[in-house]
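Only one chain is given next, in structure tokens, and it is the form predicted alone.
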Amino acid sequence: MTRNSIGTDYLQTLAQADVGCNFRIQALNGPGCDKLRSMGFCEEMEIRKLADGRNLICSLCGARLALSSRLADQVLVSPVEA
């Protein structure tokens, strides 16, 4: 399966995604898009979810970032195939 063939069935929010897995950002959707973009989140970037909870921690471009669950709900991701 190629990246272009990933359908909406494979999309989930970063808040829903499993801890310890790598994902590719497919879209930013919601009122926090500008804030997310200023933090470095953009389409096609790889991200790893490190921890879950009230705030989640993810790794993006070698940096660890904490996100509120509200912002994480606005990041649509798909799994990265190994």
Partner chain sequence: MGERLDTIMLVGNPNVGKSTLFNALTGGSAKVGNFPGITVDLKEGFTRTPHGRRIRIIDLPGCFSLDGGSPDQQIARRALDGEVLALGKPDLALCVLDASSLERHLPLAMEVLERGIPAIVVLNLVDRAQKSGIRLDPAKLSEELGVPVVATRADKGLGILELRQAIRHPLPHSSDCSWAAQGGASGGRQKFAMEICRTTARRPEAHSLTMSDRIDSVLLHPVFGWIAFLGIMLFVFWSIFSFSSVPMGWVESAQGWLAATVEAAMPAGDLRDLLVGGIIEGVGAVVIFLPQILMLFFMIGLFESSGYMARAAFLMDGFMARAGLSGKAFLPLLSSYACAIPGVMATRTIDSAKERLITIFVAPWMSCSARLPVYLLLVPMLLGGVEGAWTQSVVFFAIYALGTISAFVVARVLRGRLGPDEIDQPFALELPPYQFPQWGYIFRHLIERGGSFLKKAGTLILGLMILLWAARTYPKSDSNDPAEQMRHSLVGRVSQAIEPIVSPLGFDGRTGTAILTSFAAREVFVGSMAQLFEVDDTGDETLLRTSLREVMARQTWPDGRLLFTPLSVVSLLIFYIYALQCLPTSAVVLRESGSWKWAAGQLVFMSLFAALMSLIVYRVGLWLGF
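Residue numbers count along the first chain shown, from 1. Only a predicted model underlies this, so the values are computations on that prediction, with no experimental measurement involved.
Heads up, the form predicted in complex with its partner chain isn't pictured, but that's what we're talking about next.
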With heavy atoms only and a cut-off of 4.5 Å, decide whether Asn29 touches its partner chain in the predicted complex. no
Can you work out whether Leu65 and its partner chain are in contact in the predicted complex, taking contact to mean some heavy atom pair no more than 4.5 Å apart? yes
Although the partner isn't part of this model, could you tell me whether Val19 comes within 4.5 Å of its partner chain in the predicted complex, counting any heavy atom of the residue? no
Does Gln12 reach its partner chain in the predicted complex if we count a contact as any heavy atom within 4.5 Å? no
